[in-house]
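As a starting point, one isolated chain is supplied in structure tokens, in the form predicted alone.
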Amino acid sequence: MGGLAFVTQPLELRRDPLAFYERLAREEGPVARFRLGPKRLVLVSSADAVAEVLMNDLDGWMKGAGNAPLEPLVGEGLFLAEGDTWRRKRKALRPLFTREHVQGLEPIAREEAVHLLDRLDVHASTGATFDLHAEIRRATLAVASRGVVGTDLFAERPELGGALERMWQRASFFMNAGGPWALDLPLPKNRRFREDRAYVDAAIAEAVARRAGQPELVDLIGTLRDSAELRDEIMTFLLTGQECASIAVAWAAVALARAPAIRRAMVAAADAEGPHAPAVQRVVRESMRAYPPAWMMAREPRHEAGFSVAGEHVDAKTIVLLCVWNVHRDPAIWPDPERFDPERFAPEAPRRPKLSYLPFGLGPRTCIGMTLATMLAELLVAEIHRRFEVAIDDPPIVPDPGMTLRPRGGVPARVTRRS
């Protein structure tokens, strides 16, 4: 790699990360090495190689420095925990995310879907443009809060959503700045971050204290007893537990607004079969294929001797970036990958490599909230489009590759009631 590339790569990466990673994979292959300042990185873009790393989680790999920007938010919650701590927490939390328990949460999700539809009714009556993604996030945050602490903290404390969002955006800055060390700088935004974190922590502590006398409720507070653990796990699920669902619903709305035939077929199926009709499931799956919420995952070799991926040795202290975006847009696996086509997931569709679809990861650290996120996304996609026609004006909405793959600037939309 020449000196000029070393200088220009960070600029290209900041300007358009997705294009940079696409080009790197195209020019350097499925396992591409590069540097950012003193950091050594490896970009992994093939389905087989990504699966090789994820299936060896816990043994050969750890979360490492690539995930450090989340530490000021979620501490040692399940998302960042390692080793025996991770095993203990995963075992303790698993009962809250079984299919049976998630089915028990669907009435809560349906109630929040009704509240969302009521808000969209108000927007429909005015005809004004509004941020559909923000409204969707309001619903998914309410479900997450009621599911993990037994109450909607965001209804009780209207300022809480803004505080969490500012913390999320600041953590994205930490990621681009190379780590949470930037939080130590004497900057006004860092002071606001600490104020927001203290406010959120106080809200969580109040919810925990209120629930202390109700051990019969089955949620995070009833499952974990240690206060520090509770804070970290509640933050983890408030920040990340609903993120995949809200992003999938938002991108599905963008895609369906530009594909009226697909929308009509999906709505007809949802009207006839309910919100979890196969046609709705396929739309949600294709949304997470085209715009994977967890578009990039980071790992480091666990041991000083390093580890291998796709036959190439990776030294310790090297950040390995697993590019789900590239895997989900590999034309050898997904023909015409730019096209939104839910029928890729129809039973009669051509077979593809088993491990080529990974919106929730793979292996032992597969997202524990996968079933909940999928249920919630299907429900909201179906109910929004059964009730409303969604119009989205130009210019095209583009992805914002931060810690997740949100629509940049939200989803400016107008809705009209279906007749």
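The shown structure was predicted, so the numbers you read here are calculated from the model rather than taken from an experiment. A residue's number is simply how far along the shown sequence it sits, counting from 1.
If you look for the form predicted together with ligand HEM, you will not find it shown, but the lines that follow are about it.
Contact here is defined as any heavy atom lying within 4.5 Å of ligand HEM in the predicted complex, and by that definition each of F79, P293 and C367 is a contact residue. Of the candidate stretches 90-98, 343-351, 167-175, 130-138, only 90-98 has residues whose heavy atoms lie within 4.5 Å of ligand HEM in the predicted complex. In the predicted complex, no heavy atom of Q281 sits within 4.5 Å of ligand HEM.
Ligand HEM is not shown here, and in the predicted complex it never comes within 4.5 Å of any heavy atom of H385.
Residue contact check for P359: one or more of its heavy atoms lie within 4.5 Å of ligand HEM in the predicted complex.
Not displayed here, ligand HEM is approached by W86 to within 4.5 Å at the level of heavy atoms in the predicted complex. Note on the partner interface in the predicted complex: the residue among A250, M288, L256, V309 having a heavy atom within 4.5 angstroms of ligand HEM is M288.
For the residues A245, L73, M266, V327, the 4.5 Å heavy atom test against ligand HEM in the predicted complex is passed only by A245.
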